[in-house]
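Have a look below at one chain only, the form predicted on its own, in structure tokens format.
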């Protein structure tokens, strides 16, 4: 076990799978006490089991990030269990594919915006309140996306130009900049990570389509998509004191996708 986050208290949303689960495992290995959160307690079970097996210190705090009451409860679990909150990682998120069965287009758009943008904003508000109260500063890492900087490739079939996923992630980038500028003098750093394609639940349908997946790989100069642990490594750096002079930034972790 290393100590890059020794005794720090970290809240991770979307921790039941993918990047969030990878962050929970990595943070615990680096000495953090972890609040594992996802929308339902059973979604947290696998991650909680892995942390328990590793002998990590953690609590489970399920909740819906689109609810102010729930986000205050998630952040409050850190304060109530450990007396403070040092790190927030906003991994909870969905894509337009997750709401494809919702018949109303306005409702589909709003649902993605609510989870990805409003949920990130509400969690930031709840965390900042506790960070201010305890006076120790803190670090927030939001999960944006390369699609917050570029559009989907023409002809990909992934967007008609009205993709709420693209809109929401672009807004997360700007939220991060605004918070980073506003909170810096209080010792609270706010940064974002913009992953490219990652082998998680969110990309299952893309990976299941051989033709589409081949095109996706071809757009990555490294010739592959990322593993969740590779994104978690960058998030760990931004969360740690090693990134003490980094705030309001958005880090591309995309295998060269946006550089090509």
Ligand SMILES: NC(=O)c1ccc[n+]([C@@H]2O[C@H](COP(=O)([O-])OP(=O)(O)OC[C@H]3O[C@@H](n4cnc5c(N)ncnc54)[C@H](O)[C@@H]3O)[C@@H](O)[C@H]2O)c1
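What you see is a predicted model; the values in this text were computed from it and never measured. Residue numbers count along the first chain shown, from 1.
Although it is not shown, the form predicted together with the ligand is what the next lines describe.
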Among the candidates 222, 214, 40, 54, the residue which, in the model of the complex, approaches the ligand to within 4.5 Å (heavy atoms)
40
Pick from 164, 131, 77, 115: which residue has any heavy atom within 4.5 angstroms of the ligand in the model of the complex?
115
Flag residue 65 as yes or no: does it have a non-hydrogen atom within 4.5 angstroms of any non-hydrogen atom of the ligand in the model of the complex?
yes
Partner proximity in the model of the complex: residue 17 to the ligand, non-hydrogen atom cutoff 4.5 Å:
yes
Contact test in the model of the complex: residue 183 vs the ligand, heavy atoms, 4.5 Å
no
Closest heavy atom of residue 145 to the ligand in the model of the complex, within 4.5 Å or not?
yes
In the model of the complex, does each of 138, 240 and 247 have a heavy atom within 4.5 Å of the ligand?
no
For the stretch 75-103, return the residues whose heavy atoms include at least one within 4.5 Å of the ligand in the model of the complex, in the order they occur.
91, 92, 93, 94
